[in-house]
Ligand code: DOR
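One chain follows as structure tokens, the form predicted on its own.
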């Protein structure tokens, strides 16, 4: 097959940032995706309805939101029932960050046992909980150490839709089989790279992310469940732009910017495994069912035609910068 058309592809975990960065990156996602779940970890975080509506307006000013639905999230804190009820129609979920675990998460949750009142409100209102599931332990073990938290939440709040964001380990994949209310997003880069690609030779700062890439067996588990079209797994790029000056620096910022190459790379990956029929489920159908959303009707057609990934978009270096990709977008309708 030398051409494939995806119906309303979705990115269910996306960082659009703000200000000048928003103006650069938002149009790139809006070009290839019909919708995206936008993360709230700005400075200050998006944790009120007023802040969320203002952010929505800034996104709309940066890109055409009639053809691209930015589904916004609130940053987790202690919310009252009435506060969440008032925001319900404007949000797709609430994003929980453990305190200090990743970029702009200093205002995150310190006590994971003191959040149950807010979780009960989310469950009652049918608002999904999105979770960056890492501890502050040894970097390769942080996701595995967080899995008991997911187990507790899944058992205690069985009607709460819980999304384990950007899973990276074999154990997280296995956990999906234990509870029907657990779901997961998987990134492009975690389907392609391991820690060896990041730090096995010269350090590759543009591949450094949180959660960090893991072992080959972890990547294989992620790839297997994505290629199989598991109904509770969906694509979420975790595309997280930082200026080149913040990546190629001491104290390298965590984040991989993959938005402009995501669909071509995914098509190439799924085609190489003779699994193109499963790609539609991974990049759209599963997410629509899990979140009960109806995105704008879009058709993105890709063809087998080599192209070179630009070295930069604005001040941001993309995933695969300077390399050749086998597939490219040839039509957007």
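Being a predicted model, the structure only gives us computed values, none of them experimental. Residue numbers count along the first chain shown, from 1.
A second form of this protein, the form predicted in complex with the named molecule, is not displayed here; the remarks below concern that form.
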| property | result |
| --- | --- |
| Heavy atom of each of 15, 210 and 240 within 4.5 Å of the named molecule in the model of the complex | yes |
| One stretch from 77-85, 247-255, 144-152, 119-127 that, in the model of the complex, holds residues within 4.5 Å of the named molecule by heavy atom | 247-255 |
| Interface residue in the model of the complex among 103, 194, 73, 135, criterion: non-hydrogen atom within 4.5 angstroms of the named molecule | 103 |
| Interface membership of residue 69, the named molecule in the model of the complex, 4.5 Å heavy atom rule | no |
| Contact flag, residue 286 vs the named molecule in the model of the complex, heavy atom cut 4.5 Å | no |
| Residue 183, heavy atom within 4.5 angstroms of the named molecule in the model of the complex | no |
| Contact of residue 280 with the named molecule in the model of the complex (heavy atom, 4.5 Å) | no |
| Partner contacts for 153-179, taking the named molecule in the model of the complex and a 4.5 Å heavy atom cut-off | 166 |
